[in-house]
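Listed next as structure tokens is one chain, alone, in the form predicted alone.
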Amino acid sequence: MRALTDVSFDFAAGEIHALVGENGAGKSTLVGVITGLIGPDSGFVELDGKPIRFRNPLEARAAGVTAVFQDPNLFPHLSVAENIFTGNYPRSGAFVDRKAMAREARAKLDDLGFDLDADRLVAGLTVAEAQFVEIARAVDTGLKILILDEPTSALTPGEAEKLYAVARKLKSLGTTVVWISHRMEEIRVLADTITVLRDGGHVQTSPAAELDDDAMIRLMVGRSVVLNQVARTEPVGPPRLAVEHLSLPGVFDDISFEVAEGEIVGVAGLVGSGRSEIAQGIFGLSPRMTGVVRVGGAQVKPRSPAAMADHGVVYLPEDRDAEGVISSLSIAANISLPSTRRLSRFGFMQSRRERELASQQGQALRIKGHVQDPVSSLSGGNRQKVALARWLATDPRVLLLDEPTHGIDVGTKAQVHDIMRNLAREGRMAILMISSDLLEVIAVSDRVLVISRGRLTADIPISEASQERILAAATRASNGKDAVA
């Protein structure tokens, strides 16, 4: 199957050009072709009206074309300044002029509006800060095309606004900014032009003003996709997960709630509120946590992830690539990893049973790829499905999902939502879902818990939930809960 087929369109100078499509539509392959990572089988790329073919990204960068990817690619043992000037250090004779390098790095960071210490080691930066360093490294004299791949996926709203300002500034200087994103709201406020890819083909390039969100989605997935709530028709069962007075010093305090069999409970809150840490504590990743955890009415001690998995509690982390899958291994190896004991005989993995399990889960979750394909070859949405499949193969009772649709397209997002509803309502699983997307929380959840500064500030029935009410509770500092029906 071809990753790209007969794709032709133009980027204009001094515009923000959004490149959109489902996971697997060919966006990353196209970026690889433009920047010299991938050689096309046919066709050509023109820059300023002249055909070019970069042999590698260094040649592309020298010509003024560079890309910043979703996962920062920096040297952690070097400083911010050293990373910004990698391969192009200011020199004084035969030696690197470190004072000039630090001075120029500070000036570049200040000019972009990034509040970073140029002398700080990259190893100590947040993901967002590392991304700012990548952008500062990319923005250089002679920059003609800057490609940003899911640039705001790890950013807070405030950090995203800084990046929007940088994109607009570069546009005003005549640079073409190619913005790849699944977030309709930022495409709407930024893009001058939108190009849609689907299944490796070019569907349409139009001025942004001519495409509303629904039209854009229809072009991306071939149908209309609306994140509507699906009304529950069956009652929930008894509590599957109950936590009482959970506390972790400096992170969260006195957290108590229940999740019933067949129920999806959404967890909302601002970045840094303690949402993820609560789920990690329940899964046994925080040994200093105090409080009571009950599964199916029986008290359990969350000593370790292995112990909690044995009790039927599993956790899908937000960072699927670093913690959810092993990219170098095959789909089958990833899916079977938590089920090794069940699939082994006399200490040896039974390959046939491994493949059968992976094939079964792949069909159930509609994973695109052969079971022997490496996970690194998959799109983000399919990697997320593999991360979910590996735990579903253990037949869990409680599923803790941390940003389950992070970085995936709207069509795959709708698939994940359907999978969650089926697991809860037909599989009678209890699901706790953490999400920063309030529309997703309202569309999928039966009830919404809101965390603010480490405290549970609201427990809202979905019939009464709104973005405004959730945000009001998320910015509250006290632990006085909303009144609930």
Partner chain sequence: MTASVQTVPERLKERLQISGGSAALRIRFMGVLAFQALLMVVFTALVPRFIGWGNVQSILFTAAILAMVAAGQTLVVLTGNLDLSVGSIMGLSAYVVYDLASQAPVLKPYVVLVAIIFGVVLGAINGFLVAVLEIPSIVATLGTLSVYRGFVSFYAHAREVSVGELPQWARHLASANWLGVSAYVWLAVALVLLVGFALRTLPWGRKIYAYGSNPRAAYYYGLSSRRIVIGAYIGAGVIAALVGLLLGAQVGNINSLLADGIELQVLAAVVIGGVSIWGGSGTVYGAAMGAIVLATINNGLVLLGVQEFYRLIFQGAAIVAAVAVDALVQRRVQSATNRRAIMEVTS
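In this text the structure is predicted, and so the values were computed from the model without any measurement. Positions refer to the first chain, counted from 1.
FYI, the form predicted together with the partner chain isn't displayed, but the following is about it.
Student: Only one of these stretches, 189-197, 355-363, 79-87, 332-340, has heavy atoms within 4.5 Å of the partner chain in the predicted complex; which one is it?
Tutor: In the other structure, the partner sits against 79-87.
Student: Contact with the partner chain in the predicted complex for residue 348, defined as at least one heavy atom pair within 4.5 Å: yes or no?
Tutor: The answer is no: residue 348 has no heavy atom within 4.5 Å of the partner chain.
Student: When the contact criterion is heavy atoms within 4.5 Å, does residue 58 count as touching the partner chain in the predicted complex?
Tutor: Heavy-atom contact with the partner chain at 4.5 Å: present for residue 58.
Student: At 4.5 Å between heavy atoms, is residue 142 in contact with the partner chain in the predicted complex?
Tutor: The answer is no: residue 142 has no heavy atom within 4.5 Å of the partner chain.
Student: Taking heavy atoms and a 4.5 Å cut-off, does residue 218 contact the partner chain in the predicted complex?
Tutor: Result no; residue 218 lies far from the partner chain in the predicted complex.
Student: Of the residues 112, 271, 242, 160, which one places a heavy atom within 4.5 Å of the partner chain in the predicted complex?
Tutor: None of the others qualify; the residue that does is 271.
Student: Quick check on this chain: which one of 290, 126, 304, 256 has a heavy atom within 4.5 Å of the partner chain in the predicted complex?
Tutor: Flagged contact: 126.
Student: Can you work out whether the partner chain is within 4.5 angstroms of a heavy atom in all three of 164, 439 and 456 in the predicted complex?
Tutor: Result no, not one residue of the spot touches the partner chain.
Student: Within 112-138, which residues have a heavy atom closer than or equal to 4.5 Å from the partner chain in the predicted complex?
Tutor: If the 4.5 Å heavy-atom criterion is applied to the partner chain in the predicted complex, 112-138 yields 117, 120, 121, 122, 123, 124, 125, 126, 127, 130, 137.
Student: Relative to what's shown here, the Cα pair residue 373 and residue 32 differs by 3 Å or more in the predicted complex. Does it come closer or drift farther?
Tutor: Compared with the form shown here, the C-alpha atoms of residue 373 and residue 32 sit farther apart in the predicted complex, by 3 Å or more.
Student: Based on a C-alpha change of 3 angstroms or more, tell me if residue 182 and residue 449 lie closer or farther in the predicted complex than in the shown form.
Tutor: Closer is correct, given that in the predicted complex the C-alpha spacing of residue 182 to residue 449 is reduced by at least 3 Å.
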